[in-house]
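One chain is shown next in structure tokens, namely the form predicted on its own.
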Amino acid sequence: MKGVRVDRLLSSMGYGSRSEIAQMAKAGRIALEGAPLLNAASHIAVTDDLPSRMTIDGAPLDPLPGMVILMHKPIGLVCSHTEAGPRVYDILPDRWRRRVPPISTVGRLDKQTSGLLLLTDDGALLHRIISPKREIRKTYRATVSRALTGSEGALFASGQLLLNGETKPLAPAELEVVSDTEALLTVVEGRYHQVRRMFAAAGNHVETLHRERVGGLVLPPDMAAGDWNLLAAHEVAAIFD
């Protein structure tokens, strides 16, 4: 983005309507490189370092469009913009929920699944990550209600497993047994409730489910549920490793 009007940029970032931003500028609340920017109709070049050069009420500008967020999703939150109940977006700053384009989750974790969740306002990147052609590996830690039989690994790796109500077999998946009732499952697809349905097809029931990895990104072990951070460019690239 280059040569963008200040009011248009800040409005798209959720700071307010264009008229509200014009009033903010007149009041001296917007500064560029330490100097008040009094005319919100001014055009500025939007470069990567703009958040370090522009302040609003003395605070650095929010991240520019194209940001990617890694969140440790807690149990009990939904990933939908429209579904009732607490949402993962509620964890983020209020202003970010007004950004255009909106921040969306990269795929979904159901309400009772925790772990690594990516969010972005970059639609092209979102579709690159979820595209079946990319075969991005996702690893889940599952605990199940009954002891594993030992046949699940071959079943999941066969490429022949059909989920209930579907006609296309699942792509091969990798199972690593941790204990009698715990396993790591790595899949390259993102079908609806896929991991839970895979264990159901094997005659078991998932009690807890936690996503630990997406591509080359691993959920930091010291990141508490509900915490999040912005990813740097090299971390985003690691998704495709």
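From 1 onward, residues are counted along the sequence shown. Just so we're clear, the structure is a prediction, and the values are computed from it rather than from any experiment.
Missing here is the form predicted in complex with a small molecule; even so, the following discussion is about that form.
- The small molecule in the model of the complex comes within 4.5 Å of no heavy atom belonging to residue 208.
- Taking the partner from the other structure, the small molecule in the model of the complex has a heavy atom within 4.5 Å of a heavy atom of residue 193.
- Proximity of residue 109 to the small molecule in the model of the complex falls within the 4.5 Å heavy atom cutoff.
- With a 4.5 Å cutoff on heavy atoms, residue 113 counts as touching the small molecule in the model of the complex.
- Per the 4.5 Å heavy atom criterion, the small molecule in the model of the complex is contacted by stretch 193-201, the sole one of 169-177, 30-38, 193-201, 48-56.
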